[in-house]
Each structure stands twice: as C-alpha cells, then as structure tokens.
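Taking the form predicted alone, here's one chain by itself in structure tokens.
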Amino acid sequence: MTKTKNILFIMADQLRWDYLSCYGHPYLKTPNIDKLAKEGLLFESAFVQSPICGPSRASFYTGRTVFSHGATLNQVPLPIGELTIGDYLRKDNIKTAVVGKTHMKPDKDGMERLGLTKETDIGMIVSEPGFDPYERDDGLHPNNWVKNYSTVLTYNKWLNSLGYKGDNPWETWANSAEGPNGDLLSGWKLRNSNKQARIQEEHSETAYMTNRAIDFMNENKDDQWMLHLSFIKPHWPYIAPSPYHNMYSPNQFYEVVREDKENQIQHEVYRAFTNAQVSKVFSKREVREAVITGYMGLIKQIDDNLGRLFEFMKQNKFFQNTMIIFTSDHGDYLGDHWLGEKELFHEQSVRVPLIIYDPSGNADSTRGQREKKLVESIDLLPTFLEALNSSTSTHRLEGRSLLPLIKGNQINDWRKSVFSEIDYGLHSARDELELGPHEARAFMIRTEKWKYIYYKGFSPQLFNLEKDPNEFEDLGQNQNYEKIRTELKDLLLKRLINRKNLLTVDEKFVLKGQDVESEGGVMIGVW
C-alpha cells in the first residue's frame, strides 16, 4: 500500500442506494462493487444536497450546498465565480478530466461579460465547469435535441463508424428496441424498458464510457490525475442491451413501498407531486414490472464493466495508488410512495450508495467495514483535497473530509444531522400549487431518528424513522410532536445560517482585518 496519487470518482446516474447486493438487494448481484466495498469502506447513511441531477452534481463538484452555489435547478449554470474540483486540483498541477455526464451548463452571461469564449483555454475550462472534457456526454440526445441544437456527439460518430446508421444512433440503436415487424420501439416509452436494445452490449453507452476511462488512464500513466467517470445509466431511458434486458423478473423485485393511507396524507406539496403524470404512470403495476427489469439490468451491466475496469487498473498498477469512489447523484422512486422520478425527500430519492477505497496503509483498519455516521455529498471534495495533500485554500467548502472516518480515527464531534434542499420550480407541482418562481422551495433536516421537511408557504412534514422507517405516517400536523418540530426547525435554521458566503478571501483576512487597518494608519474611534 502506498499514498494516494490519483482519484477515480465514479458516479452512476439515478442509482438507488438499495439496488446493490452490498446494500442488501437479495437478487441483484453486484460482485465487483461488493468487492470494492470489501477493500474499502461502505457508508450506510450518505445523502445528497438535492435529489435533482444538476443541483446535486453541482454540490458534489463545488463542496457547497445548493443555495450557496446557486445552481438550484436543472439547466441553471453554476455562476462563473464558483470553484469546482478542477479549479482546486489544477493549482497543484493535477489533471482533472470527465468521462460521461456532468449535467452542468456554462454561465454564458458571465463568460460574455468577461470576454471569454469556449475557443479559449480558460473559456473551455470555465464552461465545462472546471473539468478537462476528455469525453463529455450528458447522455440525453433525443432526435429533436440533436437536430435543433446541432449537438455533435462523439459517441454517435463512433457508432456510425461501426456501421450503426442514422443521424442519431444514440436514440435509434442504443436506446431503442426492434419490434416483431422491424418497427422501431423507442426506449423513451416505458412499455419498452424490458425489451432488448438494438445495440450490441460492447457498443452501449456504459461499455463505451468504461473504454474511454481506460483510454484516459493509458494516456496519462505518468501524470497525476483525478478522473470523474460518470455513467449515464441507470437513468432513463431504462433500456438495456442483451443479455441485460431480461435478466430479472418481477419475483426478484423489491415489493413496492407504499400504503393506501398515504393517499389520505393531505400535505399540499406531496399531493401535487403524486398528481404528476410520471407519478401516476409509475403507480401502475405493469409499468413497474417493465421499468425495473431494465433498471436492474442496467445496474448489473455497470457492475460488469466496472469489473473490467478494476482488472485493468490492477494489471497496470493503478489500483495501488488510486483512491476509488463509487456513488450516485440521487435515487429513483420507481413507484414507491405513489411517486415517480425523484425530487422529494424520501430515502428512495435523497439517500445514495457511497463506497470509498483508499489505497494508503492508513485505511487498513477500516477495510471491509460499514460506517453508520451521517455523511453528505459535499464531504467528497474536501476528502479529495486532503487525500492528495492539496495546498489550495478550503475556506469555501461546507463539507467535511471523510478521511478521519476512513482511517478509523475516534471522532466525537461528527455531525448529528444531514441537510438537503429542492427548488421544484420546473416541476408540474409548482403550476398546480400556483406558486411563483421563487416560492417552490423545500428543505430537509434528517437525524438518525427524525426527518423534518420545511416547505416554503406550506405546513411541514415530520417522520419518525425509528418507528416508521418507510415514512408512511406524516406527523407534521400532529400536536403531540410540536416540540420535536420546533427543535428540528431550529436545527434547520442553524444549518441555513452557517452556509459559507465569504468567497473572495479566506478566514485569515477576517482575523487580520483590524490589524491591517491599524498598520495602514486608519484610526477609528480615537479621541
């Protein structure tokens, strides 16, 4: 075992924490991810800062909560002044690249204000944001998108070179099936989720991104690097190539987690989310049976390709000096709680898998163990910086390094709660509730026992996770729990007011501020 030289940061998109065998799934076997957990540390209570793709990823990349960095919605850019992983590591000459998805948009207004374009080196880095775009691919490329936005997709060009014809083989081959009469069955339609994608497995998105990660490592053997391998799946379209499309049947699914009494919950925001089309569709049995077949197959495919990647790393001696992180940006309801997609704060949505393999000898005492302490996605960036002995200032970061936990240190002051937040301004719930663009906001504070959710303009929700782990009984209006709600609301307020907004200078400026004024001859309040 040696010290950490490189970092491989693996993220699956929309992967629920409980859909891996090391997290307890009885039928979906993921031996390669399980083996990583046996060689590293598995975190049982990891939570994202927002259960929405773009805001969640922005928090992973900046180490800051959502309303601190400002990218509160999908398609909303990070402001140009926000620092990301690449900005921190580049100061130490560590190459930082992405293969796959970031879901980040460039701050075009900010770039134009400063006279930056993508054609310049700095403009390209800022627009990515902060990553070197080795193989950037956000994974959603419907025909209209490709046609209207002139999207040039390297993956499409590669498929064309292999004989997959058409302007957009991503859609017509990788994410479509073929009917009995040769007709095209779109993977966008959930009824086709358990059908075989037209593409060969080795040419699918998951296999292609794995290959590109291997290419990157081969090309940078002598360099120090941080590679973000960001798989596009198992995010929809939920359609997998053979043999993964029909590996699993309904008798191997989790039972749906919902009860009829949830339909009696009168909370306005929850009710608006259950009224959304995607929720009504996922509440149907036949939809779950089709979708979860494809969903589980896509996860199994990721595990198999990670096995291929890890074997390459071991044979080429990357494994002995590379920290490996495996996680997800959020979960997927899959019909639980009468909901589809993600975005609210049930465990299915806001909780994620997190496994960290640290190659250094300092981590030997925790290998194969499970950590129950509450951790957040913003903890990863400070972990990276500490693992690599980065010299950059961390005064902006709102998370906390996980290295002490990985080393097995005794820690008495670890956090007792985790925090998450949403802006549901782009969801149909905002229209149904007739809210303005700044009113559709909600915040979660979760302890080991309680989960409290504050909705702007609406009553709160409260769940006792010890007695009600499935979150069926909303205590938000129960008078017997008013004291608990007040305590948790105060805890939420403390978290909100402790976010960091001192950005352009570090703490030393504040600590020396008065001395600087005195040394400069400034006199205040002198008689």
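Each residue number is its position in the shown sequence, starting from 1. The structure presented is a predicted model; accordingly, all values stated were derived computationally and were not measured.
Omitted from view is the form predicted in complex with a further copy of the same chain, to which the following refers.
Handout entry: Contact of residue 478 with a further copy of the same chain in the model of the complex (heavy atom, 4.5 Å)
Key = No, residue 478 sits far enough from a further copy of the same chain in the model of the complex that none of its heavy atoms falls within 4.5 Å.
Exercise for the section: Although a further copy of the same chain is absent from this view, report whether residue 87 comes within 4.5 Å of it in the model of the complex, heavy atoms only. Expected result: The answer is yes: residue 87 has a heavy atom within 4.5 Å of a further copy of the same chain.
Practice task
Using a 4.5 Å heavy atom cut-off, state whether residue 382 contacts a further copy of the same chain in the model of the complex.
Solution key: Judged by the heavy-atom cut-off of 4.5 Å, residue 382 is well away from a further copy of the same chain in the model of the complex.
Problem - Proximity of residue 492 to a further copy of the same chain in the model of the complex, heavy atoms at 4.5 Å - result: Yes - in the model of the complex, heavy atoms of residue 492 and a further copy of the same chain come within 4.5 Å of each other.
Handout entry: Options 453 to 461, 212 to 220, 266 to 274, 372 to 380; stretch whose heavy atom lies within 4.5 Å of a further copy of the same chain in the model of the complex
Key = Selected range: 453 to 461.
Handout entry: Residue (of 349, 72, 102, 327) lying close to a further copy of the same chain in the model of the complex, criterion heavy atoms within 4.5 Å
Key = Contact check passes for 72.
Exercise for the section: Please pick, from 433, 247, 207, 426, the one residue with any non-hydrogen atom lying within 4.5 angstroms of a further copy of the same chain in the model of the complex. Expected result: It is 426.
Practice task
Tell me whether 26, 332 and 415, taken together, all sit within 4.5 Å of a further copy of the same chain in the model of the complex, counting heavy atoms only.
Solution key: The answer is no; none of 26, 332 and 415 reaches a further copy of the same chain.
Practice task
Just give me the residues of 496 to 510, first to last, that have a heavy atom within 4.5 Å of a further copy of the same chain in the model of the complex.
Solution key: 496, 497, 498, 499, 500, 501, 502, 503, 504, 505, 507, 509, 510 sit within 4.5 Å of the partner.
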